[in-house]
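Form predicted alone, single chain, as structure tokens, below.
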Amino acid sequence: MAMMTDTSPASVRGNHFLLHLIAALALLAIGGGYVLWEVFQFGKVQFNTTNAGIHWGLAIVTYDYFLLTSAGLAMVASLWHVFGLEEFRPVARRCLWLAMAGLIGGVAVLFLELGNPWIALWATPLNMQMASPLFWKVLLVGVYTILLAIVLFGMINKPDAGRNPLMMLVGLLALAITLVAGAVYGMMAMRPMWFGGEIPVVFLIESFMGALAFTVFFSHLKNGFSHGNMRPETRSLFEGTLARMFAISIALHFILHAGRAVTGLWSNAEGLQVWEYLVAQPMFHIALWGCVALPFVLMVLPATRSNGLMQVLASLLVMVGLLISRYEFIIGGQMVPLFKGTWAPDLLPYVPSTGEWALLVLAVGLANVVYAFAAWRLGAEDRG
């Protein structure tokens, strides 16, 4: 097979990635600097979570968002590494580096949210709470990180690196992490909005959908958002197989999300009244119609599916909509108090603090720093 090469000069690519790295470092400095100042100054009290029932705030939303996207990206890369689908070869390397970047960004936020993460590193595996999905989630993420790092190490500045047999394990771990992460919520019978056997499937679809959105966006970013600079193989993938997979995953996400909302509105079960509040919020409809329905249309219509700017728009909308949906799911599931009394209102209020928003900025900045540096110096973009 002939070697696949980039159409843009190496010097141009290097300058492009260096600018990306500088912008990412600036974002990291802003978000990280503010967060570290607040953490050292005030500790976890800076978060607007309370003992009344909102224990997991925007930090956990951010962590799960990046972790599940990382797992989804590893699964997309497995389409070539494991299943040998040649169409996905141009984006497989990019997906793996993005998976590591997202993983680092998400775990960094979790560490800052925990307060003393070093205890969790040894206490979680040694407590042997094997009945808890969280126990298995931590172990799976640990092994996944190590194996993903080994795979990427073997690719550094090796544009002709072929399929890695370790990707079979990485792909299986990514799938397991996604399903177990869903089980963490789906097994909580005391939280009716979360409880249900369908939640792992919801997480799997959302993980894959988010991964495709990141793949599309960063592929266009690498080419300066110019559709003409994209290699023919990649452009054909984005207008064909990947676009159809993207549209199908968006449609499934819409059906599951809308179906759960309708069920929640119809049911009179205690704990599901939170859906009345969520559906009344503008962000719910922005996420459902603007960030799910609109991207689906853009990916279905041939005219917009083959337009580079429309592909970028669809990917951005899905990224934002997925974050909103994750926020509504995690926060909404905690808004109904477990034990009602005069001390708690009907629904518990929660608004992220400035420090929690800064954690999101930190995650975005750190993930982009990792990816931009890999693209600039480690050959993360040599092929695609």
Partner chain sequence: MPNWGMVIDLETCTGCQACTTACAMENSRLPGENWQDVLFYSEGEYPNLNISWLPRPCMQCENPSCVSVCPTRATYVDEGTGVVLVDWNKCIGCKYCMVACPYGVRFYMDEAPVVEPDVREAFPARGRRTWNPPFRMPDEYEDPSKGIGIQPSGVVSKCTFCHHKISQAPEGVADLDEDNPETREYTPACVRVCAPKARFFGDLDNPESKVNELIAEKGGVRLREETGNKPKVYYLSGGGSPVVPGSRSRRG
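Numbering follows the first chain given and starts at 1. Please read these numbers as outputs of a predicted model, since none were measured by experiment.
Below, we refer to the form predicted in complex with its partner chain, which is not included among the displayed structures.
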property: Its partner chain contact at Phe339 in the predicted bound form, heavy atom, 4.5 Å; result: yes
property: Touches its partner chain in the predicted bound form: Gly115 (any heavy atom, 4.5 Å); result: yes
property: Exercise: Asn157 in contact with its partner chain in the predicted bound form, heavy atom 4.5 Å; result: no
property: Its partner chain contact in the predicted bound form: Ala123, any heavy atom under 4.5 Å; result: yes
property: Stretch in contact, per heavy atom within 4.5 angstroms of its partner chain in the predicted bound form, of 209-217, 186-194, 303-311, 241-249; result: 186-194
property: Contact test, all of Ala131, Glu276 and Asp346, partner its partner chain in the predicted bound form, heavy atom 4.5 Å; result: yes
property: Any residue of 260-281 that, in the predicted bound form, places a heavy atom within 4.5 Å of its partner chain; result: Ser267, Asn268, Ala269, Glu270, Leu272, Gln273, Glu276
